[in-house]
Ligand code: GLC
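The data below hold one chain only, encoded as structure tokens and taken in the form predicted on its own.
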């Protein structure tokens, strides 16, 4: 049987090439080519032109021709070069891209007072299961980072800040397993949990103190120096070592308490049931580090370190200077020169940070630390550390709480407060702002509802991390009907979830503190406010501002404080490559504010787009910068484009000490973030 290749017979005459073998000539042709070299078998003049389905011998014959070899080499080189270019571009993008922000930067930190948040078992006290049952609420609000006040085992003399066991959960709040369940469920949702850490003192019921205070205790030698013990000046309980005062000097006549067993005084900066730990003892420092490690191993994401400024005292025991010798001794009437912010504290805090960094080695894991210190701004900001030695991620900023009542909230006072913090904070560090907490009167009680809304706009649009104290987002106020020995409890009353009995905090129970009737009489509860079709309700205001804050300009942009009078304040958030945001707040509740910003700042464009008002909600109207209005008690946000980066406020020479950023970031022509 004969087979001929006619695939190219119309091109040029060719000598036909055929073979005859058996019944399947195509199979035999293939077999024939496998057995012998093409040219040696049939001669080069008889090799057919390329055709579809040609055997590999013919394919190899043609692939060895010079132009095919060159084509392959060029193509291979182009592919390799392309890969190298792409790889180089990836490296370059990584090199110029800013690091991802941490969870404590991208989310507000929401403070939960566990006793008052949600009671799951109707015993009248909030608990861990109650918090876990409300995680949907946090997600709906836009919050992913939660700070819990103490839930450790405690006699509750100071609502959990007197710790009996640092490694266990108080039965009031549940069990250690409940805590692990909460941590795991939060992590499953991409949320983070911060615990309160109390390094300054323990409870007098702690096993350390039991052993330390009793010379006949079998572990006395181990723990005898875990606390600050001082001899009497005259050998009796009347021989107080010096004039040091407790923070609670209204109920404590001295910071020293006599112990009959040891026949010595022990020091307590707070209640006598909270003896101060001796952090000059290396064994105590190690105990605290071990406690950090214990909770890190359980998955806790960070720590808010309480009363850090108190953790060391001067060893010479001299009297603190008295403010006014004509008045009785009290905490307010002495300068705490020898009892607060002593040399050596920063070394201890830096050691904690080193430990937490070791616990942050896994991808996506970061162990956060913030410090609580009430003092002058230059003292507080030192707890950020230095360029060489890092301490806290956040040194807690209470300046807006210190600002006082509503009448003291003016444009000039607010601007001065912001500038004071930003100018004192070490370069490259991250600011933070709070307007309320568990130790101070609620913001609506201090400022009134309208100014509380302005304060919310302020803290959620400034650069840095805002704090939210539970209930602020629904406008909760102090419950002045609370009859309790602790003067701080009016701002700690149960969270108002609904208009039901006990505000939905619990059912068929007696809450540990009386619930404010505003959950019913004023509709201040989550359920009613969530259902209200009102963009400017307190809850919807918070939801919108938290969402607005997720904009890259608010998260990473430069803050420039533009202008302030007693009536109003104006500041800008800006970033090269994105639209700038102007925030204008009128603190006068009776008078409209009007300003010609173009006269003051010629670099501004003619107009911008109105984004949001605390009085009317969202809008897209045009705003002319030569006549910007703000109604009484109104905060508004205006978006605009500058005419080139040279017109950014942080590029203006007269704004050098009024513009601030942790790291200069911009959006490039590809729409990607890069370090500028």
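Keep in mind it's a predicted model, so treat the numbers as computed, not measured. Positions refer to the first chain, counted from 1.
This protein has a second form, the form predicted together with this ligand, left out of what is shown; the following refers to that one.
- Task: Run the contact test on 115, 117 and 303 with a 4.5 Å heavy atom cut-off to this ligand in the model of the complex and return yes or no.
- Result: No, none of 115, 117 and 303 comes within 4.5 Å of this ligand in the model of the complex.
- Task: Check each of 268, 519, 573, 492 and return the one that places a heavy atom within 4.5 angstroms of this ligand in the model of the complex.
- Result: Partner contact (heavy atom, 4.5 Å) among the options: 492.
- Let me know the one among 439, 273, 337, 534 whose heavy atoms come within 4.5 Å of this ligand in the model of the complex, would you? The residue from 439, 273, 337, 534 that makes the contact is 439.
- Message: Counting any heavy atom within 4.5 Å as contact, can you tell me which stretch out of 583 to 591, 153 to 161, 375 to 383, 238 to 246 lines this ligand in the model of the complex?
- Response: After filtering at 4.5 Å, what remains is 153 to 161.
- Verify the contact flag for residue 201: yes if a non-hydrogen atom of it lies within 4.5 Å of a non-hydrogen atom of this ligand in the model of the complex, no if not. Close contact exists here: in the model of the complex, residue 201 approaches this ligand to within 4.5 Å, heavy atoms only.
- Message: I'd like to know if residue 488 sits close to this ligand in the model of the complex, meaning any non-hydrogen atom pair within 4.5 angstroms.
- Response: Yes, residue 488 lies within 4.5 Å of this ligand in the model of the complex.
- Task: May I ask you to state whether residue 482 is within 4.5 Å of this ligand in the model of the complex, using heavy atom distances?
- Result: No, residue 482 stays farther than 4.5 Å from this ligand in the model of the complex.
- Item | Contact label in the model of the complex: residue 307 to this ligand, heavy atom within 4.5 Å | Within the cut-off, so yes.
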